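Both blocks below hold the same protein chain, though in two forms, and each is given as structure tokens: structure 1 and structure 2.
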Structure 1
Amino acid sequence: MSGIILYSSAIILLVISFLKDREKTKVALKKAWKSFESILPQILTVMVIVGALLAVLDTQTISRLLGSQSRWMGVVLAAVAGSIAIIPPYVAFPMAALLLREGAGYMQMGAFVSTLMMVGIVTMPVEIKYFGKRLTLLRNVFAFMFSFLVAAAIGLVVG
């Protein structure tokens, strides 16, 4: 229902914008399309990876590896995976929601998403180039440790 409301609102506002200033609306739509084109390959890649992962791993396996029963071992596994993966936030959150529906635990997904956003193992060489080795390592270590605090807080709240 909320999707219908959001899409309807967007269409109504687009029509109002078009009636008010056609040229600005056309320019905005062209910019939006260019942005969509640049984001699409990343989204499709992640969707294919997640789809393949869900095809290979059944609900029981996801629950065993990342479910609430996996406790801190699942949190560590999720944090390591999040530290290595390069997934943009607009894909990470829906993916985490999908994994939650398939049996992953809240603590594990909290660690996964927080390391995904804050830790960058793959991007470390670029970060070292701009910020130096010491600062990069400290930032990544503290961010990794913080993800466990996030997981613990989620575990306390969700139970």
Structure 2
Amino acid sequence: MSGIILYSSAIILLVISFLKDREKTKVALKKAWKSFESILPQILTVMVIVGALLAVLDTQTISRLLGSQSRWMGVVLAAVAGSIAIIPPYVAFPMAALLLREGAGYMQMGAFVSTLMMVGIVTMPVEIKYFGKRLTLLRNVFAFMFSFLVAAAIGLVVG
């Protein structure tokens, strides 16, 4: 769905740009290719690692880890699992809902969803390429710690 929107917007903008100025459009496409090509090795690496990781660490394994844990230990495990996993939201939210029904707590799911979206250990090579090691590491560490705050707030309000 978002792919269709993205592609149609890109094509429409490209056509408008081409009609207005051919040379500029050529430069734009050259730049697009150059920046895509420069990030390609990292992207491909991430793709393969995600495949290997998720094949080993599947939904059942995650739910077993988070199903029946003591409160904070479960939150820590959930936060770690979310940091490593890359699961698109349309899979992750129903999965979290399922885990809740199977006995996982709201706090654990809060931590899981939060690190899943904010922390990306596997995508770090891509992030480092743009932002350097230091900022990438700091951002992910902060996002990880922040997720415990989110977990606590959700435990307070929902759990």
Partner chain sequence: MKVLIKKYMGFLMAVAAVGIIMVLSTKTGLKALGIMAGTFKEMLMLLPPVFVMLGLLDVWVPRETMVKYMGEGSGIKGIVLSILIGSAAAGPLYGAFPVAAVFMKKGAKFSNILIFLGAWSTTKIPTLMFEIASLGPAFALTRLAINIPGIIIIAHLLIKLMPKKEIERIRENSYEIL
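So that the term is clear: the rigid core is the largest set of C-alpha atoms that superpose within 1.5 Å between two forms. Because the structure is a prediction, the values reported are computed rather than measured. One-based numbering along structure 1's sequence throughout.
Q: Compare the two displayed forms of this chain and pick out the form predicted on its own.
A: Only structure 1 matches the form predicted on its own.
Q. Is the C-alpha displacement of residue 18 equal to or greater than 2 Å between the two structures once the rigid core has been superposed?
A. Yes, residue 18 moves 2 Å or more.
Q | Core superposition between the two structures, C-alpha change of residue 30 at least 2 Å | A | Indeed, residue 30 is displaced by 2 Å or more.
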